[in-house]
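Read the single chain below, which is given as structure tokens and is the form predicted on its own.
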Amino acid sequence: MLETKDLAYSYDKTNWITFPDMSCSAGDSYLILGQSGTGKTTFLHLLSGLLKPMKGDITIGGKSLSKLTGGQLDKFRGQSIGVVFQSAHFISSLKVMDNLRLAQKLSGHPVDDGRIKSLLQTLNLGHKESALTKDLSVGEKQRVAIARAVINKPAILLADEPTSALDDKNCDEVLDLLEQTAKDANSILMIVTHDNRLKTRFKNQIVIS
């Protein structure tokens, strides 16, 4: 369960960005829409715990993010929240397997090579497990980023503008991938975007303006 209440944030303590109240259950999918500059990425950063609310609260699985210390929040994020950023950030000197092992270690989970290999196979990346991430194509990096986001079976899967630079065919493939991986993990899926092509695929939509 994910809930937001009276959520607001300001970068200068003068101009405030306010966000709608919402309540989501496991397995729900949401599209967060809005033009550039309206606060969509700020909303994602708040939901992921990368920013702390300045007003209001975010509750995930009964835990208030505002009440967690820095260390507690880092651990909780690693265990419960998966994020697919616009640009994939990996340790380029490490292989794909090692990047995913690191994601498990940092969250406090035991390393599970079987799960990693299975996930890579599902994402058609089994042949890339020993490749350095810097040698992957853009599409392969994107799929590894999705693998990293779901490796710990997070309660919430967040994706920031995952389709904005893609043609229609690749857009559909990425959406299929996100929806299937979220379904497999019974995660809440939230896609933050200004890509209007996605509107027809998601019943639950929130517009930030």
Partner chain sequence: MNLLKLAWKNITHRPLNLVLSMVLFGLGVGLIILLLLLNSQMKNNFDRNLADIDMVIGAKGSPLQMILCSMYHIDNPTGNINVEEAKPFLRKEHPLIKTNVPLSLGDSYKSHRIVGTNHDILNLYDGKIESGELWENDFEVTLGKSAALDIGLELGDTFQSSHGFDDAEDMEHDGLFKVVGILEPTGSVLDQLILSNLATIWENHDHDGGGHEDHEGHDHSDHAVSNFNLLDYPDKDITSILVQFKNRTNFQALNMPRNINENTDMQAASPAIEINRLYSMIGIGVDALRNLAIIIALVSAFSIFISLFTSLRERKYELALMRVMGASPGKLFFLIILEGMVLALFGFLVGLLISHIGMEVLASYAKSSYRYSFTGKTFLATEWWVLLASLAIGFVAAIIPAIQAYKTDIHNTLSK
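Quantities reported herein were computed from a predicted structural model and do not represent experimental measurements. Positions refer to the first chain, counted from 1.
From this point on, the text means the form predicted together with the partner chain, which you will not see here.
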{"query": "Non-hydrogen atom contact His45 with the partner chain in the model of the complex at 4.5 angstroms", "finding": "yes"}
{"query": "Close approach of Ser107 to the partner chain in the model of the complex, 4.5 Å, heavy atom", "finding": "yes"}
{"query": "Proximity of Arg101 to the partner chain in the model of the complex, heavy atoms at 4.5 Å", "finding": "yes"}
{"query": "Exercise: Arg148 in contact with the partner chain in the model of the complex, heavy atom 4.5 Å", "finding": "yes"}
{"query": "Residue stretch of 55 to 63, 37 to 45, 170 to 178, 24 to 32 approaching the partner chain in the model of the complex, non-hydrogen atom distance within 4.5 Å", "finding": "37 to 45"}
{"query": "Heavy atom within 4.5 Å of the partner chain in the model of the complex - the one residue of Ser130, Ser93, Ser137, Gln121 that qualifies", "finding": "Ser93"}
{"query": "Among the candidates Leu68, Ala155, Leu51, Leu166, the residue which, in the model of the complex, approaches the partner chain to within 4.5 Å (heavy atoms)", "finding": "Leu51"}
